[in-house]
Every structure is written in structure tokens, then in C-alpha cells.
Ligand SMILES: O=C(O)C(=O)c1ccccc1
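Before any questions on how it binds or moves, here is one chain, the form predicted on its own, in C-alpha cells.
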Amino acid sequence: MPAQFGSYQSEIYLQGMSGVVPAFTNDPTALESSARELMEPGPYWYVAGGAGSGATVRANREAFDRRRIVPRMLTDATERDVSTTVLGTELAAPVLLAPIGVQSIVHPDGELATARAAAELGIPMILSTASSHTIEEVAEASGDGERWYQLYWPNSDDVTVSVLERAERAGYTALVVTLDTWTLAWRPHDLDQSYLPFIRGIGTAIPFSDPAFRASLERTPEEDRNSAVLRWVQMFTGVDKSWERLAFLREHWSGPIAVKGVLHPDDARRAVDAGMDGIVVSNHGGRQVDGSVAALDALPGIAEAVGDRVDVLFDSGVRTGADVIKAIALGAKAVLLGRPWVYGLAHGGQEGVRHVLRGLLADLDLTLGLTGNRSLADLGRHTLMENS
């Protein structure tokens, strides 16, 4: 029987009869400000900030707000099914945890807490190359949970192959390759704090534990951390790859591959022609190009261009269950959720992530039914009305 995530609402109300209330807000519009009170300025802005003026961060939300759901009545939507299959992975809901690095700046348990919460709820976690913990440690924390691996593509083929081999051995079943962050954007909030975790040796657990990377050093990271940090920063930033190079990843990864950061239909077509299995429509949550097109505005064109050939996923700006419905209606098979669960991590580690995820899944389940839909297959352009 499909999971009925909406039951979390009843659980919260029933606990209230015993005087128990949620540890922190269920309001997605208040979650960020609540987390800000708990976090130091450097880590907070590293999570919340965007490129340049923040125009793309704002545009992502404005694109959702312009589109309105048109509910239908008397459709026998008492029982719903929000399950789907993406890149061969069966999902209880069309939601994955977006790859977010350096999670230890938010909570000491970092990616380990996130992996445990995701596995408990049956939501795949996409592990960032910039993790605070090793590939193997996060895999162990995930247990039997589904897990994907995100690659910030090193400029060394030897290190790339070594990292990919480690991920496959550790049970990561799909690869997500981020294309839009081959160098860091101008991020004023981070610059104001002179705050970049990587140069402090945070988010470097994967390369520092990698045999190919360690072999490239004159001294180990334990002996000379600063030199190792400098070597890694130079290795994963500063060089833009070419479409032809995707064949190298295809050669060294046996499972499905999705490319993340695509905003133009022609780029989506080129990725598919290069043998990629999925497209993640994303502007990196507004963190890379100031004034970029909103990811949701780019989604329909890409879904039309390649949605009949590969799975199209969506990332950037998702905050609510209604947002998930809008993205699915515009052609996505599933969404990647980012900042909200990171704020949950700041509030309460594993339990904080779990609370945020259960809330979003409940919102999705209930909103799907209240709009007169029984499954994701019922959604489409007809579900929405766009305000000018």
C-alpha cells in the first residue's frame, strides 16, 4: 500500500493533546529565520546566500509564485499514491535530498545525521563530493537506504576514477555530475565574512581519504593540511570541461548518470546525445549566476526537449509540497530538496532533518489530494494557471 505521508499531521495534533508540540516551526517561510538564530554568520550565509545581488534566488521563488494550482473537486482522492521511479530507483515520493556539502558547519554530525534521517524515511540522499565525512562513513550511516553520489569533477582523471570506484563499492547507485560550479561565483555574503569552508579543511573528507589524491601529495593531509587543501582547491575548481569529456565518466561509472545545472534545451539534448540518463534542471539554488533564468521557468522547455528520452529532475527553490506538485506538473519526474532540510539539521541534527522531511512529504500528500489528484500521473500543465 502506498505510504500515506499526510498522517504526520494527525500525529502532531494527537501529541498536542499531551502537551507535546514540534521542536521547531512547521512553517517553511519561517524556517530560515529560525535557523539563522542558531547559526553563526559564516555558516548561515554559506547556506542561505546567493550569487551577486541574490536576484536568481528571488527569481526561483517568484517563478513558483506566478504559477497557481487549480483544484478539482469530487475526484475520489481519499487514497493517494505519490511513488515514482527515477533513474531505476523506486521512490516512495518524488523527492531526493539535494547534494549539499560541508554539513558539519551546520551540525557536528553533518552528513551522517542527514543520511540516517533520509534512510529512515526512504528518501534517497545525494552525497556531495564536498562532504565532511567520507564516502564509506556516509554509506554506513545510510544502512539499507538508497543513495546517490554527486561529483564535483576533479581535474585529475586518476582522482576522478578513484572516487567513482569508491562510491560504487559503497553502494551508491546513481551519479549526479554538477556542471555549473567549475569555479565559484561572486558570493558577497561569503566574501563579507571571508568564509570559505574548503580552505579551512572543511568538506575535504573525501579527497583527503582518497588514495589517488593522497598519492599526488608530497606530504599527507595529516602532516601538511594547508598544502593538501590548496592542492584540492586547485584540483576541483578553475577548469571548465567539454561535452566530449562526458564519455570518460560514462566509461568509468556503470550505473545511471544525471547532469545537474542544465537550463537550456540544447544543452539537455547534447547531454542526452552524450549518453546521459537524466537531466537536473537547476541554477544551483541561485548560488552561481546572478540574474539567471529561474530554474522553474526553464523546466518546461527542457521537459519538452528530452523528457521522452530521459528522466528530468528539478532543483532550485523548492520549499513546500505545493512546489513539488508544480514542478511535477511542468515535467519533472522528481525534485531535489536543499536548504529546508539543512535548516532542520541546524535545529536538531537527524531529528531536525526528519521533521522537515516529514512535514514536506505530508504537505505533498495532502495537497495532492486536496487538489483532486490521486497520483503524480494525474498532474500536468492542466493542473496550473500562470499569472502574468
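Note that residue numbering begins at 1 and tracks the sequence as displayed. Predicted, not measured: the structure shown is a model, and the values here were computed from it.
Only in words, not in the display: the form predicted together with this ligand, which the text now covers.
Q: Using 4.5 Å between non-hydrogen atoms, is residue 101 touching this ligand in the predicted bound form?
A: Contact with this ligand, yes.
Q: Though only this chain appears here, would residue 152 touch this ligand in the predicted bound form if you measure heavy atom gaps against 4.5 Å?
A: Answer yes; at least one heavy atom of residue 152 falls within 4.5 Å of this ligand in the predicted bound form.
Q: Examine residue 187 and determine whether its closest non-hydrogen atom to this ligand in the predicted bound form is within 4.5 angstroms.
A: Yes, residue 187 lies within 4.5 Å of this ligand in the predicted bound form.
Q: Against this ligand in the predicted bound form, would residue 208 count as a contact residue? Criterion: heavy atoms within 4.5 Å.
A: No.
Q: Specify the contacting stretch among 214-222, 283-291, 154-162, 71-79, defined as having any heavy atom within 4.5 Å of this ligand in the predicted bound form.
A: Every other range fails; the passing one is 283-291.
Q: Work out which of 112, 130, 258, 246 lies within 4.5 Å of this ligand in the predicted bound form, going by heavy atoms.
A: Among 112, 130, 258, 246, a heavy atom within 4.5 Å of this ligand in the predicted bound form occurs only for 130.
Q: Pull the contact list for 222-246: residues with a heavy atom within 4.5 Å of this ligand in the predicted bound form, in sequence order.
A: None of them.
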